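Before any questions on how it binds or moves, here is one chain, the form predicted alone, in structure tokens.
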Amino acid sequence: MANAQTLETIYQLIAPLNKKGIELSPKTTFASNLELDSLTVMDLVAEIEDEFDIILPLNILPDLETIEHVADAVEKIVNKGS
């Protein structure tokens, strides 16, 4: 499971997109809970990549359904690069 700092950073990036004002948690889904369309998700991915100075491979994006999935993927890539 991703660490709290990674999750908090991702929460901050998602906050402006959280139009329904739902409480964010690791289990929050982008499609069902946040109701983000694919273009918004791609913008969010770009922000996450800029924030963590990484590239999220396109082939893993369909598997990243929750905030926890994204945080875990970010940490895996960050740790691989260090």
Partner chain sequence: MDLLDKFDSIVALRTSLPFEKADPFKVVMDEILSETEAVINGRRTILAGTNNYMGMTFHEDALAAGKEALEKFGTGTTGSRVLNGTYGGHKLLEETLADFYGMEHCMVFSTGYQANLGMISALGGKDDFIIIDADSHASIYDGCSMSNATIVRFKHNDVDHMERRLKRLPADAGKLVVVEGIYSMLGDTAPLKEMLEVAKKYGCMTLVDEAHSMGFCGPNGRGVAEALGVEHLADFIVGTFSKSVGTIGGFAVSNHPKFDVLRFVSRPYIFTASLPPSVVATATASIKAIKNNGNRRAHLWENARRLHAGLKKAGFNLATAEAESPIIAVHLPDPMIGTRFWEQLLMEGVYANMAAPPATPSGVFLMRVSVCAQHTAEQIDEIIARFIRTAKIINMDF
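Bear in mind that the values here come from a model prediction, so they are computed numbers and not experimental data. Positions refer to the first chain, counted from 1.
Another form exists, predicted in complex with the partner chain; not displayed. Remarks below refer to it.
Under a 4.5 angstroms non-hydrogen atom cutoff, the partner chain in the predicted bound form has residue 58 among its neighbouring residues. Put simply, residue 54 is close to the partner chain in the predicted bound form: some heavy atom of it is within 4.5 Å. In the predicted bound form, the partner chain lies farther than 4.5 Å from every heavy atom of residue 35. When contacts are judged by a 4.5 Å heavy atom cut-off, residue 46 counts as touching the partner chain in the predicted bound form. Here the marked residues 39, 42 and 50 all reach the partner chain in the predicted bound form, each with a heavy atom within 4.5 angstroms.
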